[in-house]
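We begin with a single chain expressed as structure tokens, specifically the form predicted alone.
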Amino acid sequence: MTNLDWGTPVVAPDPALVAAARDRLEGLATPAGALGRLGELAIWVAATQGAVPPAPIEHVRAVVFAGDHGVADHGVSAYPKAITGAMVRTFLSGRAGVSVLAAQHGVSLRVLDLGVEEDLADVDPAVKAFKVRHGSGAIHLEDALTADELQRSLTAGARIAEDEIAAGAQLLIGGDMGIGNTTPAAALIAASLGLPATEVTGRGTGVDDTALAHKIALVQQALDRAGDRVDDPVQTLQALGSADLAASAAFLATAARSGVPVLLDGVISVAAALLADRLAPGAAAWFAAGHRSTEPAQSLALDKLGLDPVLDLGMRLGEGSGAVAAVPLVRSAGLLLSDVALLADLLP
């Protein structure tokens, strides 16, 4: 049953398992520290699985949360909102960037419309099963969601996580699609970290200097409008988020509560993770960062969450693509801990 009792702390992976995984890593037939960050990632894999050595990671499931944003009508993106619906269809055809990566790496990919402005009348109705509204409010002028819409978004995200876990997910990934979505993501991160818009706002899809200055002004206007409501994570999501971002935050929080690890993607995913850790304190222990994006807010949020990205390739595609690209390394880390010989077994 979906649990929306936000504020309840999440139980971290067992410290005894962390210690056991570290002991095994130190006992491998490799020079001390030779595996570098792969070794630390291997410890996280084992601890979040609750098994030393860990089992092979065979079932990775990614969900793309799609939605439109009213602020996209106000000059914050290099692309029109019509791209969102077009990209949903591209995901479904298997031709999007993350679709290609997911097929290459054996990752199950699901796309869901939480708040796309277009009706998407021609797509499988299952894609729209959790739709909350057609586009979220322009956050510098109004709340992104009503209180009822926010609760529906949170409930949807929790239910989606439960469905993916029931389908056998050993590792989850949350992706995103929505023109203009780096603007609410920047606002959510700024609100959560107590920072001004100037420190968190990036170029998103690649806007020029004039558009960037305008975007910064709109993010600051949104933060000023929200005021002290940002002290509460639920109110923060209602004022500054969107249906897709709120659902993604609940998805991540529910995964952590359920003891299922998550590989985070870019700035949208990490903004949702920051809110997930506020909704379910301690959830970040179940997250690993798939990659570092070019958006300044993402690095600030990762520092707050205490996460060091697996990849740093200058990517800014979104969709869950950076996280999916990191899956082979996560799998490899676990296998190194389970399959490399122990030095003690090699000595007479």
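In this text, residue numbers run from 1 along the sequence as written. Fair warning: this is a prediction, and the values are worked out from it, not measured in the lab.
FYI, the form predicted in complex with another copy of the chain isn't displayed, but the following is about it.
Within 4.5 Å of another copy of the chain in the predicted bound form, a heavy atom is found for every one of L35, L38 and M87. Residues with any non-hydrogen atom within 4.5 angstroms of another copy of the chain in the predicted bound form fall in just one of 43-51, 22-30, 63-71, 298-306: 22-30.
L101 is the sole member of I216, V260, L101, A138 with a non-hydrogen atom lying within 4.5 angstroms of another copy of the chain in the predicted bound form.
For V234, no non-hydrogen atom is located within 4.5 Å of another copy of the chain in the predicted bound form, even though that partner is not displayed. Another copy of the chain is not shown here, and in the predicted bound form it never comes within 4.5 Å of any heavy atom of A284. Although the partner is absent from this view, A96 contacts another copy of the chain in the predicted bound form, with a non-hydrogen atom inside 4.5 angstroms. The closest heavy atom approach of V310 to another copy of the chain in the predicted bound form falls within 4.5 Å.
In the predicted bound form, L313, G314, M315, R316, L317, A325 are the residues of 312-327 with at least one heavy atom within 4.5 Å of another copy of the chain, listed from first to last.
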